[in-house]
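One chain comes next, on its own, written as structure tokens: the form predicted on its own.
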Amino acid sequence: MVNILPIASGKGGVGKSAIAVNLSILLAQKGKKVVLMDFDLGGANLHTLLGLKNNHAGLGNFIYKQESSLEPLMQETSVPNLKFIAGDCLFPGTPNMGFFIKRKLIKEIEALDADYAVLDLGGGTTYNTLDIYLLTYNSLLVTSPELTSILNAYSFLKAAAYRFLNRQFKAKSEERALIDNYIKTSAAGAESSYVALVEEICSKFPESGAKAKVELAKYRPQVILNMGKTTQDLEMARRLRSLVWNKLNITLDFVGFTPRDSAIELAVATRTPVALSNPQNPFIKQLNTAAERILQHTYNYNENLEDSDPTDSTDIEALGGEFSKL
């Protein structure tokens, strides 16, 4: 069964695509069969980072029903075990997917003959982006230590939390109506609390609310803090964890702390991923540690994670210790 790893960011410019490409390479080098997919519909350019030409059919062909499956869209790469599916290279400006094509696409992803499907998502919080991001309980979020980036990361997770909660109930149900009203109230400037909303649902609809609460407790996004300069940047990781737990009751697992590195920009210009050109690069060393943690989370996800302390900073402290050795 394929492990789906959607990768998102609260804002652009935090190195999400570089993480997606190099992480995919590292997983493939560990013997995992990986399919990397460019989900930035309307602005697909992940092929450039891999050194591939913009002349192969991609997801746009599937969305426009030029292809009925993902198999013809797969490209071989120079990395053993790693295949690539481009975005909308031949269909610039691919619009949002309709419900039925999205459902079919998800089924195709779930049926991939691979150990990992790494999905590099585009920006924003459209329903399509959130639905793909929520295909797994431990999707990946990339952010940087800048305050604006941290706040955008929180905003993205908040949108994902509301979408996650909404999907626990049937369409046109009273529960969904209550959620929609909360969102509209919040948009109008009134104070609203996600935690209070969950409790109100559980109070008014005990059976469905209890089931939803069980699902919500399983949701544990993984986070990579990218573009770090010093271990002091990890204070932003602590702030994000505290904010997300206090406001959303969601536990974050920090799996990586990668440094700002000019080699990443050079890799884009030369169209050669750093994981291939310089595997001993500090960025790659730290990302390799993140890859190991992601593998561990994949296989140990259901073992005692739900009993851990959501405010425990042991993982963040460990990342700081590794970063200080660079």
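Residues carry their position along the shown sequence, with the first being 1. Since the model is a prediction, treat every value here as computed from it, not as a measurement.
Heads up, the form predicted together with a small molecule isn't pictured, but that's what we're talking about next.
Contact check for Asn226: a heavy atom falls within 4.5 Å of the small molecule in the predicted bound form. The small molecule in the predicted bound form is approached by Ile264, whose closest heavy atom lies within 4.5 angstroms of it.
Within 4.5 Å of some heavy atom of the small molecule in the predicted bound form lies at least one heavy atom of Pro259. With a 4.5 Å cutoff on heavy atoms, Ala18 counts as touching the small molecule in the predicted bound form. Contact with the small molecule, judged by heavy atoms within 4.5 Å in the predicted bound form, is confined among 291 to 299, 65 to 73, 23 to 31, 264 to 272 to 264 to 272.
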